[in-house]
Each structure stands twice: as structure tokens, then as C-alpha cells.
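A single chain comes next, written as C-alpha cells; it is the form predicted on its own.
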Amino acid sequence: MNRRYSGIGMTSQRTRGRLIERLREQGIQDEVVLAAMNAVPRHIFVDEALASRAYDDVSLPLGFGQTISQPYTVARMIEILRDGRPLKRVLEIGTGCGYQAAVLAQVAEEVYSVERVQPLYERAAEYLKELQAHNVTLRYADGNMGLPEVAPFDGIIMAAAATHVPPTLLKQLAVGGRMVLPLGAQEQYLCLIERDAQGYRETRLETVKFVPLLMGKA
């Protein structure tokens, strides 16, 4: 196993356990999500110079104008997406370093994740291979388009803020499915979209801060 994965100190179970307790204190109640967060070694997804902060509840820079989301935000969005139910096929827009995809892999049968920045896509592929996350499929593509060839998804999660809900992604959400995304330009908030037989229902949740959703590949 890679030395970064099996290191000591910051990677210890005690350090990770303290993070899980903080998440509980902040209101994360889904034990399946908490177990998933506990199972994924966040330190392997960040630059080694920042590894000592890997289990702090903060976002950290990845380069290319991107960040790894703070653990609370990852846990909160996945808790909303799950809503206490098993997840079969999930689409993630914005793989970044692959951390959230690795957590999703613990709670969903199949995870498809799209990244538009090629060096990040390649890095995430390496990390997820190291973790043996065999149920994650990565695609280097424009996330605005989703993945119509493998739709529908019973969960869609976005790691970048859109100014509006992308209609292409709405079409790829299964009936009974949920989509969680940050919306807004200057002021952003988490938005939950639920699809039923009658159509779509939108719920505005708490304020957040994400990098913007961009078009095309880079």
C-alpha cells in the first residue's frame, strides 16, 4: 500500500474520529454518511504540504482555481442526497481531487463523476485507483452536459455553483431522485431538487461558498 495512505500521525484513526465527532456536533445525523467519511482518508487527496490540515473542517486549495470542499459540506450534501435511503446510481459534477467521489463510493452502488480540468481528472483517477474504489467511473468532460448515456440517476450532486439549475441535468434525474447543488453568483445557497411524477420541486437551504461552474473542458 502507498506510504501516503499508511502513514501515521495525521492519518491516525483517532484524528479522523475527532473529525467525525465534530460533524456530529454540527448536526450530521446520518450514520451511514458518518461511517463513509470515517472510512475515506482525506489526507491522500490534498497536497502533502497541506496534509497536516486534512482533518480540519476547512476547504483547501487544489490548484487550477479549485478547492477540496470542507468535510462538513461534503457530509451535509451527501446526507441530503441520501435522505435515509439507499443510493443506486449517482452523478457527481466536479470531481476535483476525487475526495467526494470516494465518500459517495461508500454509500452508492455506482458513482459517475465528471471533471473538466484534465490534470485534476488524472490526479483523481490515480487516488481512486489507490483506494480501490472500483464502483467509481470518472469522465473527462463538460459537467454541464451530464452523462446522458448512463442516465437516469437517482442522485445528482454538484461541487460547483451554477447561476441556474442546468436543464440538461434535470432531464437526467430519475423520477423519485434528488439533486443537490449550490446556486447563485455573489450569494450562494444549497438547493435541493426533488423529482416526482408531477415534476420538480425546489427547496432552498443554507448559504454556501463554492467555485463557479464553468463551461467546456480545460
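Since the model is a prediction, treat every value here as computed from it, not as a measurement. Just count from 1 along the sequence shown to find any residue number.
The following text describes the form predicted in complex with S-adenosyl-L-homocysteine (SAH), which does not appear among the structures shown.
Tell me, out of Thr73, Asn144, Gln106, Asn135, which residue has a non-hydrogen atom within 4.5 angstroms of S-adenosyl-L-homocysteine (SAH) in the predicted complex.
-> Going through each option in turn, the one that passes is Asn144.
Contact residue in the predicted complex, from Leu173, Met37, Leu190, Ala159 (heavy atom within 4.5 Å of S-adenosyl-L-homocysteine (SAH)) = None of the other options qualify; the answer is Ala159.
Heavy atom to heavy atom, is Tyr99 within 4.5 Å of S-adenosyl-L-homocysteine (SAH) in the predicted complex?
-> So Tyr99 counts as contacting S-adenosyl-L-homocysteine (SAH).
Might Ile68 be said to contact S-adenosyl-L-homocysteine (SAH) in the predicted complex, defining contact as any heavy atom within 4.5 Å?
-> Close contact exists here: in the predicted complex, Ile68 approaches S-adenosyl-L-homocysteine (SAH) to within 4.5 Å, heavy atoms only.
Would you please decide whether Leu87 lies within 4.5 angstroms of S-adenosyl-L-homocysteine (SAH) in the predicted complex, comparing each non-hydrogen atom pair?
-> No, Leu87 is distant from the partner.
At the 4.5 Å heavy atom threshold, is Ala124 in contact with S-adenosyl-L-homocysteine (SAH) in the predicted complex?
-> The answer is no: Ala124 has no heavy atom within 4.5 Å of S-adenosyl-L-homocysteine (SAH).
Any chance Val33, Asp154 and Val180 all have a heavy atom within 4.5 Å of S-adenosyl-L-homocysteine (SAH) in the predicted complex?
-> So, no: the whole triplet misses S-adenosyl-L-homocysteine (SAH).
Stretch in contact, per heavy atom within 4.5 angstroms of S-adenosyl-L-homocysteine (SAH) in the predicted complex, of 182-190, 24-32, 49-57, 159-167 = Stretch 159-167 is the one.
So which bits of 99-124 sit within 4.5 Å of S-adenosyl-L-homocysteine (SAH) in the predicted complex, heavy atoms only?
-> Contacts from 99-124: Tyr99, Gln100, Val114, Glu115, Arg116, Val117, Leu120.
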